[in-house]
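Given as structure tokens, the chain that follows is alone and in the form predicted on its own.
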Amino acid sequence: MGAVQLLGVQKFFGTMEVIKGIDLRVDDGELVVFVGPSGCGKSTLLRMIAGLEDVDGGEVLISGVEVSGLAPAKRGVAMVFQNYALYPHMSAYDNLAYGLRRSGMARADVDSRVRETAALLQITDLLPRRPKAMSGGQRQRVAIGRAIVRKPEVFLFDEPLSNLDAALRVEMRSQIARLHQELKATMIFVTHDQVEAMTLADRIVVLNSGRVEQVGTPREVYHNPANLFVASFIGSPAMNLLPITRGEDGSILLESGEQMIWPGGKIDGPPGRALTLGLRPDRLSLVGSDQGQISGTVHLAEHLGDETILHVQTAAGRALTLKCDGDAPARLGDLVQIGLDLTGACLFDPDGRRVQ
């Protein structure tokens, strides 16, 4: 399998620069997920690696070879699309075999490769069927099989699970994870779904407006976001963001007037420095009336079985999200007191950069 390297890669649509000089390396055998909001450039970047979009600046290297000028078929990549892209008039067998036949492979070798791939994906019984006789999950497995059967250096997945229902998404997510372990393949996976990103990735690439905001393991981007964008985008529910100032003694002064000590020491900078405090929803809790740092009114309670997500609006108009026990007593309209646990908290400067 092959490593993928991007060196200063750019893409323009007319005069608009949509991919802005991206440098990135995906190691051999790694599963990297591109994640970001709609329009951030993640699918465009994937298509540039595949050769389906021209590179207007920089270089794309696969296994150390510059491929920017090569046709897609000569790059050693295989792509799985959101819409399956199966030939409707062909059986699953013929969909898998088509590319191999076009390459001139011997009939016996084609049959062996197709049946080996079908067994790996547990779709042998689907081989005689046409796409219209399959479910969405079955079609997607055939589409993945069409990529596997070519034995490419790099697999590219462009939001392949977005058309599936929730149960099938979970099933296919585990299937892709299993395939990655068995094939030891280099894979790049594009999604807007954070659960897919967090559960599948060796590393996550967080994109925004054609730029890379952060690259790291799922734990790194979740617990140590590089900036406000990553902090607010990664995590479901999202990180709570509260304006604070630095006290005279290096403590935190909340908007409510409450004072808190920063774990392990003092906040850097001069007194009165304006900052943003970031806290994950599980760092906020319901407390007694004399223990809370912030008060607010419950606007929504999402009861999810073993946990409850509370959406609270503070007296200052700030929206906060708490992840509580499933038996949390708070209900819509309740006035609640909220305690803050600064363990694992983040601080950001006015430009959105992580400072502590």
Partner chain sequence: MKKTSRIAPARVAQTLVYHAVMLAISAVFLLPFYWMAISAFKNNAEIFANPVLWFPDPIRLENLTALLTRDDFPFLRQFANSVFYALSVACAVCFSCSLAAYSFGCLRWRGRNLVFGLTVCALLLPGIVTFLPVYLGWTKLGLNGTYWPLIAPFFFGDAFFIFMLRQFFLGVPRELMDAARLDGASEFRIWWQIVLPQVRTPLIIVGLFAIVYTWNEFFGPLIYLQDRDEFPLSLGLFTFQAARAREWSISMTGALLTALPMVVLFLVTQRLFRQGLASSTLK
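Positions refer to the first chain, counted from 1. What you see is a predicted model; the values in this text were computed from it and never measured.
Absent from the display: the form predicted in complex with its partner chain. The rest refers to it.
Contact here is defined as any heavy atom lying within 4.5 Å of its partner chain in the model of the complex, and by that definition not a single one of 141, 161 and 189 is a contact residue.
Interface residue remark: residue 50 is counted as part of the site for its partner chain in the model of the complex, having a heavy atom within 4.5 Å. When contacts are judged by a 4.5 Å heavy atom cut-off, residue 99 counts as touching its partner chain in the model of the complex. A residue is said to contact a partner when one of its heavy atoms sits within 4.5 Å of a partner heavy atom; residue 184 fails this definition for its partner chain in the model of the complex, lying far away. Among heavy atoms of residue 73, some come within 4.5 Å of its partner chain in the model of the complex. Put simply, of 83, 124, 236, 224 only one has a heavy atom within 4.5 Å of its partner chain in the model of the complex, and it is 83.
Residue in contact with its partner chain in the model of the complex (any heavy atom within 4.5 Å), chosen from 89, 115, 107, 151: 89. Of the candidate stretches 325 to 333, 52 to 60, 23 to 31, 307 to 315, only 52 to 60 has residues whose heavy atoms lie within 4.5 Å of its partner chain in the model of the complex. Taking a 4.5 Å heavy atom cutoff to its partner chain in the model of the complex, none of the residues in 258 to 289 make contact.
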